[in-house]
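Take a look at this single chain in structure tokens; it is the form predicted alone.
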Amino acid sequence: MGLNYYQIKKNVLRARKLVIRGTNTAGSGHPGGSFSMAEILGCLFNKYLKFDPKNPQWEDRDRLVLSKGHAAPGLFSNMAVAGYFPESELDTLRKFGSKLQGHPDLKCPGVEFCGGSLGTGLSYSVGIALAGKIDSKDYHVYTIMGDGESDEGQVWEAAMTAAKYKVDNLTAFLDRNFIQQDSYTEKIMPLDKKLESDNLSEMWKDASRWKTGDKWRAFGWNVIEIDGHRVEQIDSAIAKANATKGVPTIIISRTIKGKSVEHMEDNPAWHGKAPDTDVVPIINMELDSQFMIAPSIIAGDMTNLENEVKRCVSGRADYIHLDVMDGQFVPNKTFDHTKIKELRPLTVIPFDSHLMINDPVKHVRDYIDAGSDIITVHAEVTDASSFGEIHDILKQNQVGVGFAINPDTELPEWFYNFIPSLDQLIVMSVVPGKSGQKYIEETHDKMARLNVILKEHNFSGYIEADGGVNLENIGSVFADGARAFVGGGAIIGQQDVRDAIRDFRNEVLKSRRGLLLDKANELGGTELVKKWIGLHVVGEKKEEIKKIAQERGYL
């Protein structure tokens, strides 16, 4: 079964937007901690949790305990997406008579734990995990804890108890975002190492500071440490935890408070504060503007693709683009599913298999079995019948569904019915099969036309730009609507892949900031532009955004 990568990402986005909707309507709440655990909840709800929204008390369900109960908007939003109640019910958050209170309450069907006083959730979880073992039940208990609540001694008493009784049906996540209610955790009660300044990058850049895992190992736990915003790392960690016998597992998830909204990220002020109504449309636009960078390894050393994959891993690629060419659909030939299967054990980073081959319906299962997380086929070699078969096979196997069109191909009308469930649309901006081509300029207008069609047909996936994307044009391609970018020579062809990816991200970030300023000016003129800029107080963001606003004539 595949990673279910795109479906998780889509639902994480829906949940984040519901958090903004609920806290804004309530005028209070905790968006920061809801966002830091968003991908964790997304993976649990969309792949691992056994639950039934129509029967919340199903005896064999898995139990999800939110120990950091103030992040209730994050839990409620995922429950709404999962079908426990209508998404519109987030409008009742924190209101009298609502089942969606400021902290989780058992009055809300599906909630397992009344999270109010911090530090108690792990003890409760140990109890229900023990009960499951005593009753020979097959359910698993997942607990999400905050790093601030780890100041509580009860957490460590529960840790000793869980190890003593070998509750291997318990997996805890530590949402390690380095911020608690009053300040940075390492200034109040360090779990890792004392933070001397207000610069959290000290903690991110120096792994020798990370001591938390050692503490949990000393208490007898199986410890897995991950980036808590990488879906594939969360997925791999949960799978390992579920397979571990004889000890409980804690997944220490390094996260960013307020992740995906720049002015909230790493900002203690957003621990518990609601966004104002006038900036909500801009925040939603920012959430819709998340992007990914995918190196294409065929632009590297084709005789040593294993090393090119390793370079992508060290470069922190979002996923890896695999151009499969059969020498028939395109003039060149690269590799097939056998090579992908060889490469798959090297990393858990998603594999995006772009099939430039004839008769893809005959081969798609081979690419699923090889470990592809996303599979894209071309419009030129499919029709409604064959693509429908491919679509259904991929969905059944939790593999992302991609569709590609060549530069001289328009989106066929027969395809419109598939748009709502499509995960990825690749818009080729070079002629496939030939390397070293420049970005075809007409693609800018083509993307504008496509965006209208996609919006009309409820597209919720990513447009991927493939071919000739570089530092000079990536900002404009982002403005066109692309949200995933394949880089060949501009990334893999560079000596330092990490630097190349970082440069790509910085250019997209600059473009996105400009578009958000455009939105602020459209909605509220100079005053809202100034307000938006003023929200960005961490690091050098404010000055950078102010410079863009000046260049655009807003200041």
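None of these values were measured; they are calculated from a predicted model. The first residue of the shown sequence is 1; numbering continues from there.
Unshown form predicted together with D-xylitol-5-phosphate (DX5); subsequent notes refer to it.
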{"item": "Output flag, 20, 33 and 257 jointly within 4.5 Å of D-xylitol-5-phosphate (DX5) in the model of the complex, heavy atom basis", "value": "no"}
{"item": "Among 95 to 103, 351 to 359, 270 to 278, 163 to 171, the region lying within 4.5 Å of D-xylitol-5-phosphate (DX5) in the model of the complex by heavy atom distance", "value": "351 to 359"}
{"item": "Position in contact with D-xylitol-5-phosphate (DX5) when the complex is considered in the model of the complex, options 468, 402, 461, 110, heavy atoms within 4.5 Å", "value": "468"}
{"item": "Heavy atom within 4.5 Å of D-xylitol-5-phosphate (DX5) in the model of the complex - residue from 432, 115, 228, 148", "value": "432"}
{"item": "In the model of the complex, residue 489 touching D-xylitol-5-phosphate (DX5) (heavy atom, 4.5 Å)", "value": "yes"}
{"item": "Exercise: residue 249 in contact with D-xylitol-5-phosphate (DX5) in the model of the complex, heavy atom 4.5 Å", "value": "no"}
{"item": "Residue contact check: residue 411 to D-xylitol-5-phosphate (DX5) in the model of the complex, 4.5 Å heavy atom", "value": "no"}
{"item": "Non-hydrogen atom contact residue 423 with D-xylitol-5-phosphate (DX5) in the model of the complex at 4.5 angstroms", "value": "no"}
{"item": "Contacts with D-xylitol-5-phosphate (DX5) in the model of the complex - residues in 66 to 93 whose heavy atoms fall within 4.5 Å", "value": "none"}
